[in-house]
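Given as structure tokens, the chain that follows is alone and in the form predicted on its own.
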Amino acid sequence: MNKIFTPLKINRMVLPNRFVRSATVDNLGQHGRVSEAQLDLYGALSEGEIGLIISGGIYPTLDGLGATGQLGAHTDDVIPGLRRLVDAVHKNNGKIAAQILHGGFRCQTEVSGFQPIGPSAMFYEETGLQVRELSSDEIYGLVESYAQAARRLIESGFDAVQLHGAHGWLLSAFLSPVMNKREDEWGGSSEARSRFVRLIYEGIRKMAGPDYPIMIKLGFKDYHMDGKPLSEGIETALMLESLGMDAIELSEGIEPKWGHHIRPNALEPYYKEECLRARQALSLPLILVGGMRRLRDMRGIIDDGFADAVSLCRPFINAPDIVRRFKEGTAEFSECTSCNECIERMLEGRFQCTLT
């Protein structure tokens, strides 16, 4: 079998192959707006015949800004620039989804201008900042903000939207007993912890209509010692599937330390077992990220039924055209060594691989 170069349908969106560019922070935006450097970057990605490009995380509200170069969908003023970004992909017949990401407790006041927020008050040692607990009214306000951000992204022409519900960002924090200590309608049980994500999905679906693709990057399991088990992540995924979520990219939730999901020196898939358990429970399209380096491993993920698509991040920093080279038979693996030096460069405002 060799399904990896065959089409995949996600609601009305048809991808030409099973390769997904996972949302990747490039830190190249300018005050929340699209830059020329980003137009060049996404244009190069779309020339590489990637099935679906997922944008770097786009904040729905100013207090969700997690990096200086992050793009925003917090005001209608950003729509013209986002349209240019979409056009840079569409002119090469590519598909692009917009990821909505609120930084939550990981935000830094010196970047966003706001005190970081989360489901519960806490002191976050990695930033040295006190996190403020959201009121119930503020949470309902954020539900509406996500819907309005999605409206702007849809008006900008994106082929789909993806919610970021992994890696400790705001949605992931609500889903985790590590960060969500509430005992009201937003916490205290798995069902209550997932209420925020459910209402956001329902708000976007009501606005977008039944045939627009809505996806989520979901942390199925917390790797924190006090975190949620895989069974709870699958429970949340089943709930979202029953509501009509169109696809799930499988990743991890709360980490023992930031960056655990970007594993150094990882040269083979590292969420396979979690994905197999999820596949046994779920029917909607699953996208597996993490450690995709060799084409034979990626083919195995698809052909053996673990997932319906594979998602790559760092290999596309190394070579935006790697999918085309796979298809042509001129490459069998990515030259990315998972050294993570690109992360350091990105933080310095340079988006490039050290090997190129």
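Computed from a predicted model, the values in this text were never measured in an experiment. Numbers for residues come from their place in the sequence shown, where the first is 1.
Beyond the structure shown, there is the form predicted in complex with a small molecule, which is absent from this document and is the topic of what follows.
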All of Arg33, Thr61 and Gln148 within 4.5 Å of the small molecule in the predicted complex, heavy atom check: no
Test of understanding: in the predicted complex, would Leu101 fall inside 4.5 Å of the small molecule by heavy atoms? yes
If we define contact as a non-hydrogen atom of the residue within 4.5 angstroms of the partner, is Ala23 a contact of the small molecule in the predicted complex? yes
Although the small molecule is absent from this view, report whether Lys221 comes within 4.5 Å of it in the predicted complex, heavy atoms only. no
Verify the contact flag for Ile343: yes if a non-hydrogen atom of it lies within 4.5 Å of a non-hydrogen atom of the small molecule in the predicted complex, no if not. yes
The chain here is shown without the small molecule. Which stretch in 181-189, 272-280, 113-121, 259-267 comes within 4.5 angstroms of it in the predicted complex, by heavy atom distance? 259-267
As a check of understanding, the residue in Ile317, Ala67, Leu28, Ile53 with any heavy atom within 4.5 Å of the small molecule in the predicted complex should be identified as Ile317
In this chain shown alone, the residue from Leu45, Ile302, Leu295, Cys313 with a heavy atom within 4.5 Å of the small molecule in the predicted complex is Cys313
